[in-house]
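Take a look at this single chain in structure tokens; it is the form predicted on its own.
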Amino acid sequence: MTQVITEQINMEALKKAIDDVFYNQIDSTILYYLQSCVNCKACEAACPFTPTSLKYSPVNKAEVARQLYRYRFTVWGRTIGRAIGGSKKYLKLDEVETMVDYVWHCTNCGACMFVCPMGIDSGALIDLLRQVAFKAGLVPSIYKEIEQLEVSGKYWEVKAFRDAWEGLISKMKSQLGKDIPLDKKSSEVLFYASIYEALVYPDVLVKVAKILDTLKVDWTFMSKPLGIRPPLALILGDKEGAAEVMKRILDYFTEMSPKYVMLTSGGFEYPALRYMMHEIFEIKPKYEVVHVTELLAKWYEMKRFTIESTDELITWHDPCQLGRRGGVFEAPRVLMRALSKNFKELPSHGVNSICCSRGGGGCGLPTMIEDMAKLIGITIDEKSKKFLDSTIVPLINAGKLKVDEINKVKASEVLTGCPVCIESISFAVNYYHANTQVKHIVDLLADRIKKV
């Protein structure tokens, strides 16, 4: 995977990137993660990439960050550590290739942290390496071009994106039989979605609009999206770019001033827009950012509507960023139990749920990236093509774990709340010929919700 990225490494840029990140990004929490590992390797079993190779275990990947840390901040690292290879000031060419390889074999799903006896979030350490890779220009060009389109705000100049968004709004109007509220201030719900969602599951977004209309909610939608899948920069290690995009989003949310900002995606947008954005700008928002399952579960328990129940055997996949990173476990289960008397948990669920292996571990299916590139008019060069193809192996390996679990509970439908999880698990289901369907939970709720 790495040789296609690191054939022309600017070693001076890399050294500067290492110094920038390791002298400026280490806080007390990161310091604890760097210093507290006892090398017990309990994290290995939780990582979705260890079925591909044990070299991708969290403790092994994070060791690169620890080596760079020890040289700079410990006496042992500057003395004995240098002699026995436990610390490094910089990286050799083959070590750079290894670092970049590790970066793309971590989704930052947080599973390692929940099984670690010391509570170490190895994903946070691998994110340091991700920032190094970005600053050194070691990011696949296809990702970089799409990310820069979002950071610059020029995504709205892309005709395919405008058509997708305007087509979505037209479909909402057609399904509701009336105009929909756009950019309305002080509504109860600001229905938030990205261009990515408009492209991959427009019907889910239309169904959300139908639910809001059925329940006679005071809601509004965005006349223009706030990004492609903002902030894309976050998963590429571009902290400055992510902050720029989040400021744009924050300004819009503040201007609209709703009671709730409701997301249908439980991917990395959820913790980014609910927690990180307000922490960065040190703002206590007057609105609450929620996932659609949180709001619907709350209203269901307030008896604002009922849900028609069936005997269908269904199960729920916990998106890592919504669950482990966001703490949202019970709300979707309130809805799942209402949808069917035969709701069954997967063998691994809740904080122990197996990650789908995408998100930061490849950013999505290779075909999806290729399709988006065509829409934008970006030519995929040979290096990027090889890189995208190389991301399929971990998707297959991690997917087998998930499919085996689905087969064990014999669920006819797997429901979840993240577009990338839907795409990734659907890929695995098709690859292993499993007899099930993967859907957004709104797909089932839309036709079963009855207003009281």
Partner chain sequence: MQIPFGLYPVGLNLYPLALDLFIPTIFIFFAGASYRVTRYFVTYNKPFIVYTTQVRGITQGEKIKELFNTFANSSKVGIKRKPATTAVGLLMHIVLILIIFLLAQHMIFWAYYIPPYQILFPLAIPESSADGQLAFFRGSTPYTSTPYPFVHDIWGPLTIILNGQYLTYLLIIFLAIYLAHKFSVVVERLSIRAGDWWFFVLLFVDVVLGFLATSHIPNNVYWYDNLLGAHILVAEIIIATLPFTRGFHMFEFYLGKLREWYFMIMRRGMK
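Bear in mind that the values here come from a model prediction, so they are computed numbers and not experimental data. Residue numbers count along the first chain shown, from 1.
The same protein also has a form predicted in complex with the partner chain, omitted here; what follows describes it.
Novice: With a cut-off of 4.5 Å between heavy atoms, is K383 one of the residues that contacts the partner chain in the predicted complex?
Specialist: Looking in the predicted complex, residue contacts with the partner chain do not include K383, since no heavy atom lies within 4.5 Å.
Novice: Is there any non-hydrogen atom of G359 lying within 4.5 Å of the partner chain in the predicted complex?
Specialist: Result no; G359 lies far from the partner chain in the predicted complex.
Novice: Should E345 be counted as a contact of the partner chain in the predicted complex, where contact means heavy atoms within 4.5 Å?
Specialist: No - in the predicted complex, heavy atoms of E345 and the partner chain never come within 4.5 Å of each other.
Novice: C37 versus the partner chain, in the predicted complex: is there a non-hydrogen atom within 4.5 Å?
Specialist: Result yes; C37 sits at the interface with the partner chain in the predicted complex.
Novice: Hey, with the partner chain in the predicted complex, do V290, F329 and V351 all fall inside the 4.5 Å heavy atom range?
Specialist: Yes, because V290, F329 and V351 each have a heavy atom that approaches the partner chain to within 4.5 Å in the predicted complex.
Novice: Please pick, from G267, P140, P230, G323, the one residue with any non-hydrogen atom lying within 4.5 angstroms of the partner chain in the predicted complex.
Specialist: Contact with the partner chain in the predicted complex is made by G323 alone.
Novice: Taking the partner chain in the predicted complex as the reference, which of C116, L91, I249, L128 has a non-hydrogen atom within 4.5 Å?
Specialist: The residue in contact is C116.
Novice: The partner chain isn't shown here, but in the predicted complex, which of 199-207, 167-175, 294-302, 240-248 has heavy atoms within 4.5 Å of it?
Specialist: Of the options given, it is 294-302.
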